[in-house]
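Okay, so here's just one chain, in structure tokens, the form predicted alone.
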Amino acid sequence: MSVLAADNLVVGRDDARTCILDGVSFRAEPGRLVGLIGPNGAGKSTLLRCLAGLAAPEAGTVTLDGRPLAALPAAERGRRIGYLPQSFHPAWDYTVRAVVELGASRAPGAALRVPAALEANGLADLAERPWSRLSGGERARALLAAVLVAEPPVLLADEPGASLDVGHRVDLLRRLTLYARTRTVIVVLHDLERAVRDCDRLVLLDRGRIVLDGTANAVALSPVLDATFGIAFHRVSTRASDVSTLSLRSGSS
């Protein structure tokens, strides 16, 4: 079981007067899909990059299974933590297959899974297409395939469905939910309805601090959510297959 934890992370802005992250402590483990939500500029992407070891906090530590992330060799970090950015700009005009093969190179034996990864993400017919000729949605699916093909114990995704159409977005969240049953998965989401519907746990950030952390329904019902976004949400409870969910509709604040 891979446990990823942050302890009192601080990341300052260039002007040194405010913080992007201000004493953030956070812990995630397999079994629940964790969503990071919050207004623009709340620190969600910065926190994710710190958790991935791609940004160094000015104070505080990130640990993976109790070991400081900064002390892990880069190869081990790359094998154990998969990071899905909002966008990717390769230095060369790689084909889809080459991008997925690059992802597979992070883990022993993963190269054998490349054909299955292409098929699972609807990319088999696009395998030889160069990156410059892909749509935004096709690039997003290729990135997902490149990360998942290595089967990392920890998966961090920054707004992975932003470029996808509705059908592919729903499928993506379904797959991440299944992946989270046995691995640690943290995803930044701006679509609050999807976050409430698909995540097991939600962590709400505002101005660099965690202001709420709990089950998706508990966070959706909390007035702290309204106060953080400056919006009066209308809660609609629905029931399907004996599972209760909440739908958020914004109204005037």
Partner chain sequence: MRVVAGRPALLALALLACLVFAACAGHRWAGPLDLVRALAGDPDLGARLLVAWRLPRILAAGLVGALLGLGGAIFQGVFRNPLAEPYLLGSAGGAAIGATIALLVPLGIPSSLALGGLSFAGAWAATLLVLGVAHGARDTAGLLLAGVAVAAMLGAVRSFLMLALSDESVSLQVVLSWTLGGIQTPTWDGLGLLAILVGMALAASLPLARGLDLLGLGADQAAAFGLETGRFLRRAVLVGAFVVAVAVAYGGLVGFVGLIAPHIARWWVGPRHRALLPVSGAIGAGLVLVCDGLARSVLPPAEIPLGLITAAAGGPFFLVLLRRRMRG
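Positions refer to the first chain, counted from 1. From a predicted model like this one, the values you see are computed outputs, not experimental measurements.
In what follows, reference is made to the form predicted together with its partner chain, a form of this protein that is not presented.
Picking from 99-107, 160-168, 177-185, 118-126 the stretch near its partner chain in the model of the complex, with a 4.5 Å limit on heavy atoms, gives 99-107.
Candidate site formed by 190, 192 and 232: none of these residues places a non-hydrogen atom within 4.5 angstroms of its partner chain in the model of the complex. With a 4.5 Å cutoff on heavy atoms, residue 136 does not count as touching its partner chain in the model of the complex; it lies far away.
Although the partner is absent here, residue 141 sits far enough away that none of its heavy atoms falls within 4.5 Å of its partner chain in the model of the complex. Remark: residue 211 does not count among the residues lining its partner chain in the model of the complex, judged by a heavy atom distance of 4.5 Å or less. Contact annotation: residue 78 falls within 4.5 Å of its partner chain in the model of the complex, judged by heavy atom distances.
In the model of the complex, just one residue of 52-69 lies within 4.5 Å of its partner chain by at least one heavy atom: 54.
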